[in-house]
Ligand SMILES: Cc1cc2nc3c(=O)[nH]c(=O)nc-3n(C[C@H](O)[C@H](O)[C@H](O)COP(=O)(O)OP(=O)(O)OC[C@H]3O[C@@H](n4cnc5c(N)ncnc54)[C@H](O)[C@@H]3O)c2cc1C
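Just one chain follows, in the form predicted on its own, and it is written as structure tokens.
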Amino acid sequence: RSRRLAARALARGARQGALSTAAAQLPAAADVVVIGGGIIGTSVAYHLAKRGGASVLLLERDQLTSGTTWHAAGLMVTYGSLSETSTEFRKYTKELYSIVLPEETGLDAGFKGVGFVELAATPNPNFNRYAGDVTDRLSEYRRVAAYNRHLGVDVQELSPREVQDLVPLCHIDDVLAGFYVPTDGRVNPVDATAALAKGAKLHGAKIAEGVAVADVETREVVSDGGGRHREVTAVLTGCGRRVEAQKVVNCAGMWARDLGARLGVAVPNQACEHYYLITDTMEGVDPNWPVVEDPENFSYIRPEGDGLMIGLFEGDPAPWGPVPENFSFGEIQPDWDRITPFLEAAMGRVPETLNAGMKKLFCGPESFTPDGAPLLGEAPELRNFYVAAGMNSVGILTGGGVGKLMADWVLDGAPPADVDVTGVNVDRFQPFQATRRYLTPRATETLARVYRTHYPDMQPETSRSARVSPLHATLREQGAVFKDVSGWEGADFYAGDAAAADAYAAARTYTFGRPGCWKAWAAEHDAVRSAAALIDMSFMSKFRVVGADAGKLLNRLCTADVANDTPGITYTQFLNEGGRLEADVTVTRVAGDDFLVVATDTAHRHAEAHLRRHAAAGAYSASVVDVTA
């Protein structure tokens, strides 16, 4: 961290003169403009330039890394995700930092392959209110380890004694096992960003620091069939320059939501407080100790200088904002009262830290999304405007993979066929989920659950009842226990009556085995098989497609002939030009040129954008109307 602070001080001394020079040297046009010079923005610019075929300009309002990248803890971990997409991001990023960038640029990206250990410990009764069996954490991590091994990550299960052999100061009385990846470790975020920036320049990209983006210029395009859409045309800078752009990538970090909102683009991204403590010099600390994550105490621990860094993803976090436009290399005043119990528990993993002096308690912002996954891809509201934000504190360890995906997506106009982007696509969220009323509590809850045990049926508690169906009151009277379905309240099962449902929800526990509602599920399943049931599907996405070319448009998109004269509902799929699946739908011919398309809740904006864009591009005389709610 001292290296980062020294670099910051030196750079600030020469900055003022450089800012006017950077603005004066801006090109009049660029094929792709990247907004934001953190680890994500520089990675996107690097990968765009490396692929070639497009001029690339990165605009950073202050200095590279000045938002959140500069203070990141720098964990470089491939273990831990049940997403193949995220795991591949991590594997690619580690190779990029450790091998590719140093060879390509001559710069050390700051990677240290010291190893990584995830601790499975018995529940801390002060924190883990959803703890079921004492071995649930161990069950979870064994599942994760098995899946990660399937994806090529070398995960080794260690005994508590083997954990202590790696980190002798580690308290292990409550540890059940450790999950160890010898080649993981940590990276210096500033060094990694510098290497990406140099690589981007070597491949022809231009990087301008001290140039803020004031706005993105758009225009409305009307197709021959009357369809309308908006697309980007230029970026307007705070210094009064206009840069024409064919495509724009929003990598503005904790400012990404506000930039999107100005353009009518939903980017549900919320800044929250993130803490780490750095101790004074400690006897016996080896700088080559592995990184240790201790989720039961909401913490991670790694060497920092001659002491230790103890970071927190506490179970009672705090949102932060609004984010000032001029917040650079900034810190937040720590909330000692709130954070002290978590710090004490975290330091108990290495008891010697309780006797060591404190060099620094740092608090800075990190960005989180409603579901803990990043926001990537082309915005459904605005053509050629892409988003790469909402990294949920894993921007450093996924940054390389995210940058490569985004470069391919931007240049090809679609994500690579071998990458499943369903769970990271920015279009999975709807506009109401980017409002402060919904986003702030839900994203804060996402942070609170980073280090909790992740049960398969775990339900969010905040931002509930954002949408309810006309049958909601009736279902509640029938004893429905509700679950969150993309912001809707959907019946999970029926407990008997409203009082029984409330009692179940109040005392709800989670498990990796059969949940408490298993018998109710079984009875409902039997009723549907042996008799009949009315199931409320209000949360499904519904669109009317009407007009002289409605049938022609749908037959172009679907695998089945949905415009035939046979009455009924057709189950089919939307495909893209490459023959790959875009959405799973049913199509009903209501009458003549009037069709009803029903898609899943999570595919709402994706299916809608697919319909609208093809209607406009093909000059079809057809209108698409969202009739979901």
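Numbers follow the displayed sequence, beginning with 1. Keep in mind it's a predicted model, so treat the numbers as computed, not measured.
Below, we turn to the form predicted in complex with the ligand, even though it does not appear here.
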Note: the ligand not shown here; in the model of the complex, the stretch from 36-44, 23-31, 49-57, 579-587 having heavy atoms within 4.5 Å of it is 36-44
Using heavy atoms and a 4.5 Å limit, would one call P380 a contact residue for the ligand in the model of the complex?
no
I'd like to know if L397 sits close to the ligand in the model of the complex, meaning any non-hydrogen atom pair within 4.5 angstroms.
yes
Using a 4.5 angstroms cut-off on non-hydrogen atoms, would R257 count as touching the ligand in the model of the complex?
no
Please determine whether A73 contacts the ligand in the model of the complex, using a 4.5 Å cut-off between heavy atoms.
yes
Decide yes or no: are S66, Y300 and F362 jointly within 4.5 Å of the ligand in the model of the complex, with each residue judged by its heavy atoms?
yes
Looking at T453, T444, S463, S393 here, can you tell me which has any non-hydrogen atom within 4.5 angstroms of the ligand in the model of the complex?
S393
Find the only residue in A271, V211, A205, A550 having a heavy atom within 4.5 Å of the ligand in the model of the complex.
V211
